[in-house]
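The data below hold one chain only, encoded as structure tokens and taken in the form predicted on its own.
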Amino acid sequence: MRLFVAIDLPKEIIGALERLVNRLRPLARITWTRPDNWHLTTKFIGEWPDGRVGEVETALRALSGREPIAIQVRGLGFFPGARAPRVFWAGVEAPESLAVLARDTEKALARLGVEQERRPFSPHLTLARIKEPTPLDALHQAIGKLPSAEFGAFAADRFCLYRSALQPGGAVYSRLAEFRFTQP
């Protein structure tokens, strides 16, 4: 099964992003991500044997001893850049404790044999994927005219282990476990 670790978003932030995407969707023929799939990924695990999911859960449970993390969702951008983008994203701003959670997750899962990420942790929310070259001028113009790119803030007090099942209509995510932060 395909697994990843993520922080869920509150309904208010999902609603704000959904209103934005509904305004922008007609402007570009790109693959928009479904709102129920928006989350802040801290580690993509990839394919993992069904019989070893308990090991992952045990490793992640050991990471829950920390304080809630203040997260702000603001800004919009493109990976790797605006000229030939593959991803349209909303930005995530957080204290170093979010990067520490991502690093701790990497280390804990590496001990189980999960391949470590080579790229630096770059927190974001994927709003759309751009699979082939397509005109984006109208999208860029609309983004430039937005009165604000502030989507809300929250205190993350848990993270989750998810399964990602690839379907013809896109990935379907199922929560396998939740890990609440317990302040040390």
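Just count from 1 along the sequence shown to find any residue number. Note that the structure is a prediction, hence the values are computed from the model and not measured.
One more form of this protein, predicted together with adenosine-2'-monophosphate (2AM), exists but is not displayed; see below.
A.B. asks: All three of 23, 131 and 134 touching adenosine-2'-monophosphate (2AM) in the predicted complex at 4.5 Å, heavy atom to heavy atom?
C.D. replies: No.
A.B. asks: So, residue 179 and adenosine-2'-monophosphate (2AM): in the predicted complex, are they within 4.5 Å at any heavy atom pair?
C.D. replies: Output for residue 179 is no: heavy atoms all beyond 4.5 Å of adenosine-2'-monophosphate (2AM).
A.B. asks: May I ask you to check whether residue 145 falls inside a 4.5 Å heavy atom distance of adenosine-2'-monophosphate (2AM) in the predicted complex?
C.D. replies: Residue-level check for residue 145: no, no contact with adenosine-2'-monophosphate (2AM).
A.B. asks: Classify residue 44 as contacting or not contacting adenosine-2'-monophosphate (2AM) in the predicted complex by the rule of any non-hydrogen atom within 4.5 angstroms, answering yes or no.
C.D. replies: Although adenosine-2'-monophosphate (2AM) is absent here, residue 44 would touch it in the predicted complex, with heavy atoms inside 4.5 Å.
A.B. asks: Does residue 124 make contact with adenosine-2'-monophosphate (2AM) in the predicted complex, using a 4.5 Å heavy atom cut-off?
C.D. replies: Yes, residue 124 is a contact residue.
A.B. asks: Heavy atoms within 4.5 Å of adenosine-2'-monophosphate (2AM) in the predicted complex: which stretch among 23-31, 153-161, 60-68, 115-123?
C.D. replies: Answer to the contact question: 115-123.
A.B. asks: Need the contact residues for 1-29: heavy atom within 4.5 Å of adenosine-2'-monophosphate (2AM) in the predicted complex, sequence order, or none if there are none.
C.D. replies: 2, 4, in sequence order.
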